[in-house]
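Here we start with a single chain on its own, the form predicted alone, put down as structure tokens.
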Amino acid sequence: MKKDSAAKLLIYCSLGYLALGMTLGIVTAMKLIWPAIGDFEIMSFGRIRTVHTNMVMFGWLLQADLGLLFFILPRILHTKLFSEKLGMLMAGLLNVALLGGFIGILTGHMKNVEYGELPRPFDILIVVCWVLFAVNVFGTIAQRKVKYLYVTVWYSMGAVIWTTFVYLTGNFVSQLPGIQGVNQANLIWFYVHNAVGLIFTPLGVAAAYYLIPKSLNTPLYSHRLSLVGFWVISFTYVWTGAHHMINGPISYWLQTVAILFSFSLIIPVVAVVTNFFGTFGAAPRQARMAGAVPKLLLMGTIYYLFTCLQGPFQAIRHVNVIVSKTDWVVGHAHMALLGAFSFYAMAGVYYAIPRIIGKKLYSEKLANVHFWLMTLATLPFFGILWLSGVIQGFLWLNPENTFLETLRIMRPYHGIRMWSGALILASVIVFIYNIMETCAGKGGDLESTTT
């Protein structure tokens, strides 16, 4: 089978889910202002919002990251992918599971797990896909032609292992008979927080550790620092999920542990960000902003820094009283997945697709338009969610305030969220159009496929 076939299929499918998932995000934002829009069961807020989050997380971002790893690992390890056929099988089964799961959610068949609402049969199929993915990753590593493992490979192996126990805990263990109440909440929040921290973080950082030096044609700032970040995140991230239940019914000691480990995450974040900024600083000045790829990688790193500083701040007890369960948390999650890691994934798609198909990018100008639209739209999007979350929290703490009054006060903020989201969708359309035209060969042949 042709080289990079699995990577190409995964990336192509991810773009379709990106467009659809972002469109559903706009519908969700509209329903916060005009609840009667689409006033029938299948378009209810609970179903549309749930499909939106799952589609963007797993349909777009997870698939794009898996496709990028199938592109990156053979090049780092100087070997071919262990099995393109196995990769194609995994990609096909994954899309069957996702499509079936999304239809299941829309028809009201879902689990009571945040980010894990996919119905059980499709959960099982995703586990099968993950086993196939793991075989391909470790098989490629086993047949490598280099002795040392670059940090991208470490993060890739970590993602395979961490995702396994995080996904099984949230989607299967938490649903076992007899597990309920606070115990179930502990397991579910372990999954919810670590879905971002131990699934999308290692996948995104793995891709960035490859893409930043390659796009800048500059050696990584510090290999030693990269491994410090990897090993610290390995031992600290797993304990932080309980900070979503601070001031709740869980044990006080567990809350304290979650707070302490939330602040310890500053260590790996500083290691990663220092490495990325250090690499940018060492690169030739003209290369740092030469095209959309380094721009997206740089902005993604800035968003990664702010996301990971916001998390520990949110874990402070007195702050958590105000912002917990508000729009603040929604903004925090969006900055991680839509900001940092989607920026990395989009940079990866711009980098990988021309090299996979042997064609030049259709339009560098459109790529830059996409970057600036995306950046200018996400800034107010994240900012208004953080601001409205604080206001929302103080309103909820006021015993004289009513729910309807809170909704009335939030309406202007939700309006800004909707319009900035619409601009994000416009930037995504520009991005996908550029990639589609590239795949059609309208940019011309790529003179060199050097990676």
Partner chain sequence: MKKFAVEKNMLLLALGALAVFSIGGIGSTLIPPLVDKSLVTSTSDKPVHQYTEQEQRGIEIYKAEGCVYCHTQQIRDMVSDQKRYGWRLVDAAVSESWEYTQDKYHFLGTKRTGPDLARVGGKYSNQWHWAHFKDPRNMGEKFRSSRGPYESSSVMPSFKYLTDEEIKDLTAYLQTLGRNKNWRVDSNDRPLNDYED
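Positions refer to the first chain, counted from 1. Computed from a prediction, not measured in an experiment: that's the story for all the values here.
A second form of this protein, the form predicted together with its partner chain, is not displayed here; the remarks below concern that form.
Assess the spot marked by Gln184, Ser234 and Ser324: is its partner chain within 4.5 Å of a heavy atom from every one of these residues in the predicted complex? Yes, the whole trio is in contact, each within 4.5 Å by some heavy atom.
Sole residue of Ala426, Leu32, Ile416, Leu387 within 4.5 Å of its partner chain in the predicted complex, by heavy atom: Selected residue: Leu32.
Looking at Thr218, Asn368, Ser83, Gln175 here, can you tell me which has any non-hydrogen atom within 4.5 angstroms of its partner chain in the predicted complex? By the 4.5 Å heavy-atom cutoff, the listed residue in contact is Gln175.
Against its partner chain in the predicted complex, would Gly291 count as a contact residue? Criterion: heavy atoms within 4.5 Å. Flag for Gly291 set to no.
Leu298, heavy atom within 4.5 angstroms of its partner chain in the predicted complex: Judged by the heavy-atom cut-off of 4.5 Å, Leu298 is well away from its partner chain in the predicted complex.
Evaluate Phe230 for contact with its partner chain in the predicted complex, applying a 4.5 angstroms cut-off between non-hydrogen atoms, and reply yes or no. Residue-level check for Phe230: yes, a contact with its partner chain.
Closest heavy atom of Asp123 to its partner chain in the predicted complex, within 4.5 Å or not? Because no heavy atom of Asp123 falls inside 4.5 Å of its partner chain in the predicted complex, the answer is no.
Just one of 148 to 156, 271 to 279, 86 to 94, 359 to 367 has residues with a heavy atom within 4.5 Å of its partner chain in the predicted complex, so point it out. Correct option: 148 to 156.
Where, within 207 to 225, is there a heavy atom within 4.5 Å of its partner chain in the predicted complex? Residue list please. Counting only heavy atoms within 4.5 Å of its partner chain in the predicted complex, the contacting residues of 207 to 225 are His223, Arg224.
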